[in-house]
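Next comes just one chain, in structure tokens: the form predicted on its own.
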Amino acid sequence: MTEITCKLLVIGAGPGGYVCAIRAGQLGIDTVVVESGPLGGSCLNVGCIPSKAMIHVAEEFERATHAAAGRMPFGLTAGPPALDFPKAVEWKDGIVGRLTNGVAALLRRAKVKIVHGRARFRDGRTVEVETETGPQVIRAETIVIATGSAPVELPFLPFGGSVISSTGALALPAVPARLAVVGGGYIGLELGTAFAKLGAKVTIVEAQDRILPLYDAELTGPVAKRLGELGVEVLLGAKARGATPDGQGLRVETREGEDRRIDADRILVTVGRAPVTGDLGLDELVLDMNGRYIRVGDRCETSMRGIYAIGDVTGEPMLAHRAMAQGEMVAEIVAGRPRAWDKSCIPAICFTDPEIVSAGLSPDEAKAAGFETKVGKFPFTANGRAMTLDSEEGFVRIVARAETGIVLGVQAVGRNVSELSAAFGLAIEMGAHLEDVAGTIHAHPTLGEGFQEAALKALGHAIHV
């Protein structure tokens, strides 16, 4: 059994882990990263990146289909499109491969040692890794747990056969003719919408009374409308009960208490994600837990000195960019720099059609927090760029404190609004006032003008609406 000693050991090379390791290497810290799967973790390999690639394929196929049917209002026509799904998967996999190779190159450049295998704690300073060549012991002064999360499996719908997770959905050999999606959150709606555009008959089963329950109804309204246009059936207040005996459908209890069968070639279960900590040997440690998540302080420190945790293992929000920011911060803390988690907001994006982006507080959240607010909303029906994109659905909304004008939150729904998330987050982090946003010259014609116009509306003197 070989042995390695280092100053910093990072367990997991997903967005949080590899960023932590790279930054630590840049700071001259002797760093080792252990990963049991491909570098980049779930986000890069089976989540964020491949799903957005397939969403793009679906969007392009839908546009080509509309052109063939003469449904483009600007006169574009084309012949009937054909989808080479294996070619699309190959293209998606190529993007993943390039990014994975890039992560490996960045780690090597930062002089980080990469160990491929499954890690398990012996104690608070020692980890044993099962590698292809046998067990390896790593002793470290500081250890960062960054093992991420995995799809939740329902006991009555175990993964296998026709029942798939989001990972399985991105590896299908062909578009299923009929797809049942259990869960109306962002993962289920993103993938369900994409497969509907690719020709699948999609049914979404959501136990709550509306889709995307983490967003307010004003934001999700355009998404619900679009699902109807795509022919997606949405069953709200419905509960999945398991696969049908013949394996060709899903048993559902409707809101009215009736039993219903949904014919489906595939059943996609997207009811959440759980932290990957089961095989880590946490029973050898004395860590405070927050339910199934590892409890951390404002420096991502755990209850044991010298052990940090970042990313999905620490709980919501389970977002790659949150994990990245935590990883960079912890690396600098290990290097002796004064850092702490002091973020005003973490933007969240739902890549549905239309897209949703939210940063900071919504109007309801601001009210619940005790703020008197001013709210300004600007519709894309009055935005020239949205018109030229033939996509006028949606709006930008800004929430500010009534007495000071300090921006508390910004939300938007519409085509390509995910690209506005940086501007929204920056305004909140910088403590911008409504006057700052309204007084900043926004380029014309862009969707970003909606941000300025929403601020003007909140101030009481909108120009273009």
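From a predicted model like this one, the values you see are computed outputs, not experimental measurements. Quick note: we count residues from 1 along the sequence shown, nothing fancier.
Although it is not shown, the form predicted together with flavin-adenine dinucleotide is what the next lines describe.
Engineer: Does any part of A323 reach within 4.5 Å of flavin-adenine dinucleotide in the model of the complex? Heavy atoms only, please.
Structural biologist: Contact with flavin-adenine dinucleotide, yes.
Engineer: Does flavin-adenine dinucleotide come within 4.5 Å of any heavy atom of A21 in the model of the complex?
Structural biologist: No, no contact at 4.5 Å.
Engineer: Using heavy atoms and a 4.5 Å limit, would one call R251 a contact residue for flavin-adenine dinucleotide in the model of the complex?
Structural biologist: Because no heavy atom of R251 falls inside 4.5 Å of flavin-adenine dinucleotide in the model of the complex, the answer is no.
Engineer: Wondering, does R273 line up within 4.5 Å of flavin-adenine dinucleotide in the model of the complex on heavy atoms?
Structural biologist: Flag for R273 set to yes.
Engineer: Considering flavin-adenine dinucleotide in the model of the complex, which of T220, T203, S358, S149 comes within 4.5 Å of it through any heavy atom?
Structural biologist: Comparing distances to flavin-adenine dinucleotide in the model of the complex, the residue within 4.5 Å is S149.
Engineer: Of V57, L408, C43, I29, which one comes within 4.5 Å of flavin-adenine dinucleotide in the model of the complex, counting heavy atoms only?
Structural biologist: Flagged contact: C43.
Engineer: Counting only heavy atoms and a 4.5 Å cut-off, does flavin-adenine dinucleotide in the model of the complex sit next to every one of A53, G192 and V234?
Structural biologist: Answer is no for this spot.
Engineer: Using a 4.5 Å heavy atom cut-off, which of 32-40, 394-402, 63-71, 436-444 contacts flavin-adenine dinucleotide in the model of the complex?
Structural biologist: Heavy atoms within 4.5 Å of flavin-adenine dinucleotide in the model of the complex occur in 32-40.
Engineer: For 297-316: residues with a non-hydrogen atom within 4.5 angstroms of flavin-adenine dinucleotide in the model of the complex?
Structural biologist: Sequence-ordered list: I310, G311, D312.
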